[in-house]
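Just one chain follows, in the form predicted on its own, and it is written as structure tokens.
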């Protein structure tokens, strides 16, 4: 015989976990892991770039495949900087070497240029068993780290870079989170505070929530092309000292989602501020080749730091980050990246090495790809002309799309778009009628999410609302990538423009 005890449906998760169904006297309990008892920091994590709107876009794609009639035939995902998904072609040389590394028998094939074969042999010789399927050293393959150090030296006009300070990583994101893990400590008012720009890339706010750190928001100046003002940094850090211990300043240059490129003067000011306030600098420089606007130039934080002299270059602690996912490469899926640490306490550096060793190593194909990015074909090599032609074409197309995006959006009443100076996104400001704001609140949504969701349902275009990145109270934006092919981008911009006019009329 068996006795069944039914738990009432109204019980909370914690009570439900204790409810018992007895079959032959054996107790059966509810779930061990519930929303009530899981890690509360994880519940606080939000990541708008792949959030609710992207999930709905995926559902709509399935509906279209099932034959559901929509006012459009495809969903255009302009929500994320995924170049190849948007149709950008891989750079031939990068893929040739990766093909050779993946299937070394191809080294006998005459279709592959000799410089590609030379790179592949060098990488394979550095791998265990001459295979990219083997683990590497935790910090990354040594010859790749040496190539990264040489690349940084060349980029920065000869300022030395030590391969021992280079850590290869699973994209830049992994290195950023690892660095934050080292920096976060304390309880209550002693909890580590981390300064991040608003608008920001949600990796930062998500990582801080996960680690239980305190987010210190500093606002970029939209009226001055999203520039960074040290007075605003000072305001933010002084206010934060009332409730936490500010220890870290994060900078994204060129900017994501805002596309600004910082001037050399601004970088100097930020470095002085970090020294005065005793802050660890984190310089996210993954878009360093994506600079389009006249008069704008990428300056690495490291180069400026060392040119400011020993008072700064020997004291300011810093980590800078780069990736294979952006620039002209767009190789997001290979998850290649690196971090360089400057002036790090040797004992802490030993702890960093220990921490990265827990994950064994970054993906070796990503490390191989990174090596080709930092050690591309040279003028005397057979692949050079094709490589330069493809690289130049990608960056020229992005510059043209940046200009086009700004021009078309600024022709739409109620849309204001700053110049896309760099990176691969635009973050236009949208004026929303009060009735639309009221309607959004009625439906339990933030107004720019309501706007973006309507755009997705009516036009099949997936954007990320500005609220997912942070914005000044009372302003509304969306982030859109400029990556679609030029002709498709023109269609996307036209559809968004028409939708904005229609939406504004509907709620006026």
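The structure presented is a predicted model; accordingly, all values stated were derived computationally and were not measured. Positions refer to the first chain, counted from 1.
In what follows, reference is made to the form predicted in complex with a further copy of the same chain, a form of this protein that is not presented.
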{"property": "Listed residue (253, 325, 320, 200) with a non-hydrogen atom within 4.5 angstroms of a further copy of the same chain in the predicted bound form", "result": "325"}
{"property": "Among the candidates 143, 177, 214, 159, the residue which, in the predicted bound form, approaches a further copy of the same chain to within 4.5 Å (heavy atoms)", "result": "177"}
{"property": "a further copy of the same chain in the predicted bound form: contacting segment from 434-442, 134-142, 300-308, 401-409, heavy atom within 4.5 Å", "result": "134-142"}
{"property": "Contact check for 266, 477 and 485 against a further copy of the same chain in the predicted bound form, heavy atom at 4.5 Å", "result": "no"}
{"property": "Interface membership of residue 92, a further copy of the same chain in the predicted bound form, 4.5 Å heavy atom rule", "result": "yes"}
{"property": "is_contact(residue 153, a further copy of the same chain) in the predicted bound form, heavy atom dist at most 4.5 Å", "result": "no"}
{"property": "Contact label in the predicted bound form: residue 101 to a further copy of the same chain, heavy atom within 4.5 Å", "result": "yes"}
{"property": "4.5 angstroms heavy atom contact with a further copy of the same chain in the predicted bound form for residue 190", "result": "yes"}
{"property": "Any residue of 354-391 that, in the predicted bound form, places a heavy atom within 4.5 Å of a further copy of the same chain", "result": "354, 355, 357, 358, 359, 360, 361, 362, 363, 364, 365"}
